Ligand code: GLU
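Only one chain comes next, encoded as structure tokens, the form predicted on its own.
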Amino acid sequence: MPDGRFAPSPSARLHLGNLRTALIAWLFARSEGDRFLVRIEDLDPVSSREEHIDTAFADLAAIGLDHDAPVLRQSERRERHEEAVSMLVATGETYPCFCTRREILADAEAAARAPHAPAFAYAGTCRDLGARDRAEREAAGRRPTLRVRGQGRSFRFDDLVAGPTEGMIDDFVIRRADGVPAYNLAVVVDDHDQGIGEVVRGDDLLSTTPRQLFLAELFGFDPPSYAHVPLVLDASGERLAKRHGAVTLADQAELGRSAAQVRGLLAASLGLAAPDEPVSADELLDRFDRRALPRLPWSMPIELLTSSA
């Protein structure tokens, strides 16, 4: 069965946009009788917080989303990720990159003008450095990242929500300069190892999907299908964030809105319930049709972020 998953990063408490995406992912999986897994993407030890992991599970349960075992934490899979990095190094498809962030951003401004280029596409500055040049940079104290050779190849896939999508693959990072495996590598390996067959996530990640499909091909993995859902915006059209007001379940509770009422709001935004209609998670399953998902972002009315009216 093509298991589904929700994979939050515990750098902050889940906001209503995260919970809406989780609800959609849960509906995708449960409506087909598939397992729904939760993975904690805590690769970055600096930004990850245990309290955000605890509240994530509490918030998911509060709006009626159950999940199946086991819960996987990326931070506990470092050895597996390093094994995957070594496999790629052995193919000759990788190289160390000594560029600073400022240098990369400057080059990316030009690279981004290319059709279908991913955000912050790398220009390939270090791709063909010789041993002497690498040694000079190391002697200067530069710690390299590790990049895989995309070199402008293109990947096309059919997204279940966004439709046919094509993207160019730059030489992207698979291991950071501090030795931490990069998101694109970890997510591909973990989705494969968990048997994830269907990935439902926000469409802010649509542009990086060709990179992940490319990695899956290098590893010889069968890739999952993808459904990139539109994001939640504030009333002014900005992507929802903490600064926009009562954006978390706890914030909403302070305004007098229960978790069940929040579930109803999210359901209404998906066309699965009338405004202010009480509705259970099981009732949403009966009403769900993946083909009828909204294709546009949901702009939250300002009153939902500032009052319980």
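Keep in mind that this is a model prediction, so the values were computed, not measured. Quick note: we count residues from 1 along the sequence shown, nothing fancier.
Form predicted together with ligand GLU: not shown, discussed below.
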{"property": "Close approach of residue 59 to ligand GLU in the predicted bound form, 4.5 Å, heavy atom", "result": "no"}
{"property": "Residue 201, heavy atom within 4.5 angstroms of ligand GLU in the predicted bound form", "result": "yes"}
{"property": "4.5 Å heavy atom contact, residue 146 to ligand GLU in the predicted bound form", "result": "no"}
{"property": "Residue 160, heavy atom within 4.5 angstroms of ligand GLU in the predicted bound form", "result": "no"}
{"property": "Interface residue in the predicted bound form among 88, 232, 173, 187, criterion: non-hydrogen atom within 4.5 angstroms of ligand GLU", "result": "187"}
{"property": "In the predicted bound form, the one of 214, 183, 98, 95 near ligand GLU [non-hydrogen atom within 4.5 angstroms]", "result": "183"}
{"property": "Non-hydrogen atom within 4.5 angstroms of ligand GLU in the predicted bound form for each of 2, 30 and 32", "result": "no"}
{"property": "Candidate stretches 217-225, 173-181, 131-139, 201-209 - the one whose heavy atoms come within 4.5 Å of ligand GLU in the predicted bound form", "result": "201-209"}
{"property": "Residues of stretch 4-27 in contact with ligand GLU in the predicted bound form (4.5 Å, non-hydrogen atom)", "result": "5, 7, 8, 9"}
